[in-house]
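Following this are structure 1 and structure 2, which are two forms of one protein chain, each written alone as structure tokens.
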Structure 1
Amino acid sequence: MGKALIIGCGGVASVAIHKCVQNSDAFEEICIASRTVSKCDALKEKLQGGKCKITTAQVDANSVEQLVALIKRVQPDVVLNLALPYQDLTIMDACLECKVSYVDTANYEPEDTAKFEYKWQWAYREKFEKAGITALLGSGFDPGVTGVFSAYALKHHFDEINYIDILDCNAGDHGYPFATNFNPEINIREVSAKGSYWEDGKWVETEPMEIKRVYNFPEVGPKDMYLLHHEELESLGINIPGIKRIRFFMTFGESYLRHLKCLENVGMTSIEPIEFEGKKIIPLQFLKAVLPDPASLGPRTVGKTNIGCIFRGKKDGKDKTYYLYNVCDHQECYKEVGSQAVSYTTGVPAMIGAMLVMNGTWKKPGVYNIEEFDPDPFMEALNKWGLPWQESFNPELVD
């Protein structure tokens, strides 16, 4: 049993906190900390009364000083960072000073540059090794479960993996003309950036939404999907031997794309500050404020998600194909934890990663991506905690 400090109290954090409370054999105590402590208090009020003790705290995750003071007061066994990606480095700095292990779900990106990559966090490897603590990067679904799937496929089904296609399908319908299923600022920065994929040891860059495919997803049906850049491509290209190409595709509906293009055309997706009534504002942050809160989508979202990986490679000298995926139902997630499936599929792996680091199953000094650990305990926990995986040995391929 152990104690976790959870920083953040949005949709993903709410799911992870629900799951920590359910998993009270592992999480004896949790502290929920956020800039807006009233959100933490409301969640505590809803969930307290079981075996897992819940406390709350106010913290500015941009302040190393405040974070260090909080960690020293709480004395956690692990810090689970579910705040914004811009805050990864300040939280890592605080963990280093306090010698406490660290887990997150998304890699760092500077607030003023729409570019996410691991170089900033990988630069902490030697510091974490010397401190004797673990940093587990990307323990969500993608990145996260997709890396665990890759490690599992390599361990149990391949001698080498040559091709990976990561397919992320959200077939949910929330009824709004335009809304994002996770933080609008992060979502729009991600999908409006140039696409890229890893091939033959180098990056191939594409225009945003340039490459489109149609895929018939199990339990969902045919959906349009588009090639995007995604952070796990960077680490998998290094950590999975034999890789020749890795791509990432995500589904989008026509209504979403039309609205996004219109917003781009009028400058609302820009991250460049502008003058408005004597103040500097960032258009994308203003847009985030007027869009529906992703945490509010749960009761009105119906349909399913299907996220997985198609692997092609060799086993015993023969070609082999293998598809690992999870299907998640929005309404079932809402019944269980009050959130839609996009938050659920990120929050459950966040809890699992924190548990495995906290209990020592995945504990070694340094900074690691999730595919660098033994996948079997994580795969077992996915089945236990609400994200059962399925497999196919003859899947439809993506050209």
Structure 2
Amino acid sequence: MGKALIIGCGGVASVAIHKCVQNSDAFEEICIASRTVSKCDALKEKLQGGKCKITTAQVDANSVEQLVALIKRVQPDVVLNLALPYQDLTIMDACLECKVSYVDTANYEPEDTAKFEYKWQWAYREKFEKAGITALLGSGFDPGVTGVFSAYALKHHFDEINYIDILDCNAGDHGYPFATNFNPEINIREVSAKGSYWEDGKWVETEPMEIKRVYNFPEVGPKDMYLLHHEELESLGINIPGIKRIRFFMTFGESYLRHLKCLENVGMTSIEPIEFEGKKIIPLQFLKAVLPDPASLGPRTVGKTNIGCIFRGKKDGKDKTYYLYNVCDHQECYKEVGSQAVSYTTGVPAMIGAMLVMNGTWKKPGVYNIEEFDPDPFMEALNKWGLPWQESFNPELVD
């Protein structure tokens, strides 16, 4: 039983809040705070009336002062940060000042550079330790469940894990020739960035989309997937003993990539402003306005996601392979919480992480990535709260 302060009110936050309200045994009270309080109020209006008490607040998450005032007033047992990644550090600063534990789903990145690195947040380790509070980093799906899967595999199935391949497949079809599931700017930046993977203690960089594989996903079928850099590679490479190589693959359809390439070619994905009718306009911003609103895709997206990890290592001196994954259905998610599976698979683990920190199941002073905690209660909660996992001991491998 406890009280959570949830900062942010976008697609992922909406799912996490729905789940907190479902889980009112754990979440006695929540306060939803964001820059636009009307969004919080609308959600409160829709979800109130059950056992979970809901309040709302306006806050600018860039302001430590405003955050501190809010936390002091609400007196939460945990702060769940579902705002923008640019705002991780201000929220951590406020939690430190108020001595309240902290949970997020994506690592800090400076607003002006696309740098996915934990170094800024890891620099808070000693401060959190001294303050006697916990920071749980990356409690979404990837990062998040992928780290929990890794810790679970290591605890129950391996003496050492040598290879991890994280496979993120979204086989959802929204019926548009081209649309992005979330902010097109971030989507496009991800695809056009160089890839990298962790091997023998160091990063190996690839050209953007250089490494392509086809994988036959359970319940989904064969899909093209591409090697990308992803933030959990950094922490898993350090936290999983014996690791030789860890890679991340994400599926992209041929049509999605073809459209993206064309838009790049004509200059529509550029962030250099052009002069238009006496005004400076950034082509990518205009493109975003022309494309379907990601929020509008929910009701029309059909199909499934399949996200998981393939582990290879040793158990009792023998080679072993183990695949842990979750399959999620877009339409079922939409029916349950009004969001499709991409938001759902991130929002549910955010609620679970906040619950485990809040109720003291996961409590150790300092700053930790998710794989540094006992995975069992999280694995149990995934089955209970809508993301049941499946396992295979003889999966298809990735070259």
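A quick note: this is a predicted structure, and the numbers were derived from the prediction, not measured. Residue indices: 1-based, along structure 1. Superpose the two forms; the largest set of C-alphas matching within 1.5 Å is the rigid core.
By the stated condition, namely the form predicted alone, the first structure is the one that fits. Once you line up the core between structures 1 and 2, the Cα of V214 stays within less than 2 Å of where it was. For S270, a C-alpha deviation of 2 angstroms or more is recorded between structures 1 and 2 after rigid-core alignment. A displacement of less than 2 angstroms separates the C-alpha positions of G237 between structures 1 and 2, with the rigid core held in common. After superposition on the rigid core, the Cα atom of E190 is displaced by 2.5 Å between structures 1 and 2.
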